[in-house]
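Next up: just one chain, as structure tokens, the form predicted on its own.
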Amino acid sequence: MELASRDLKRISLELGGKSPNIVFADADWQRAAETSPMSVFANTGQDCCARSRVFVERSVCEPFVEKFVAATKMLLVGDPTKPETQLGPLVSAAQRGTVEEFLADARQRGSKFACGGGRPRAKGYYLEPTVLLDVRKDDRCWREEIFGPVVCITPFDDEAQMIRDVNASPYGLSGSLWTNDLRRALRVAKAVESGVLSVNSHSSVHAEAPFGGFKQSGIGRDLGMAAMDGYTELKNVYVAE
């Protein structure tokens, strides 16, 4: 943005995220728990859309966590050139070191490691998919984009307070919402400050629909007809009689 400002180049920026995954008790939370790990661990967590903050209604939070952790432990970490592999290594030693700094901070501040946190292989920049519980809202792992295989899960009791916690982030790129109540889905989707939100799904990117974020997650939109705006100059011609 700074470089483009020198001669007024127009830019479209798709930046980072700390996307929420919101699960209400009336939803098919079992399916959500079994499928949600790949919504954050795909590409080894190196994904701006990663649903790295999971909010689960308290009445189903404990069984949700059990299923989520079980599904996470089933993920195959290994050689990314093999078709059966689900998680490969991080992009560099430096990036793995950055993620491990986040995990060290989480341990120091008392977060519970439900699974993961270690190095599954001696060779390569691998890191186990990690599920953190009892994370405080002022912890780095909760507030900052980690860009690695780390997810924080927290229960919620009140919808309004949960939405405030979801929006208490400098990011607003993507997210998921799970409920079978259509009115609730529309109400919460409208309230969540996010450029992309999926209901009962983890799908973020569709070629026919606009994609981009709010706040520090960027400006402008890719994909869909909205993407044409970035390449369009509007011209107004006024003709007097």
Partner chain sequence: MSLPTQLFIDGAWRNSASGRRTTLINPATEEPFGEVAAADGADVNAAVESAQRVWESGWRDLAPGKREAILHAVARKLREHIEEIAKLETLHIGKPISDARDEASLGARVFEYYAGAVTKFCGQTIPVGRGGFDFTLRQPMGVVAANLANSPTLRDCRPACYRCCPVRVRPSATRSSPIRSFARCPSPAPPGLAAASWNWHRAT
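Residue numbers count along the first chain shown, from 1. These numbers were taken from a predicted model, which means no experiment stands behind them.
This next part talks about the form predicted together with its partner chain, which is not shown.
- Taken together, the three residues 208, 230 and 236 all come within 4.5 Å of its partner chain in the predicted complex, as judged by their closest heavy atom.
- When its partner chain is considered in the predicted complex, only one residue from 131, 141, 163, 87 comes within 4.5 Å through any heavy atom, namely 87.
- Comparing 131 to 139, 116 to 124, 150 to 158, 102 to 110 against its partner chain in the predicted complex, the single stretch with non-hydrogen atoms within 4.5 angstroms of it is 116 to 124.
- In the predicted complex, its partner chain lies farther than 4.5 Å from every heavy atom of residue 220.
- Remark: residue 91 counts among the residues lining its partner chain in the predicted complex, judged by a heavy atom distance of 4.5 Å or less.
- For the chain shown alone, residue 241 is a contact residue for its partner chain in the predicted complex, at least one non-hydrogen atom being within 4.5 angstroms.
- Residue contact check for residue 35: none of its heavy atoms lie within 4.5 Å of its partner chain in the predicted complex.
- In sequence order, 43, 48 are the residues of 41 to 55 having a heavy atom within 4.5 Å of its partner chain in the predicted complex; the partner itself is omitted from this view.
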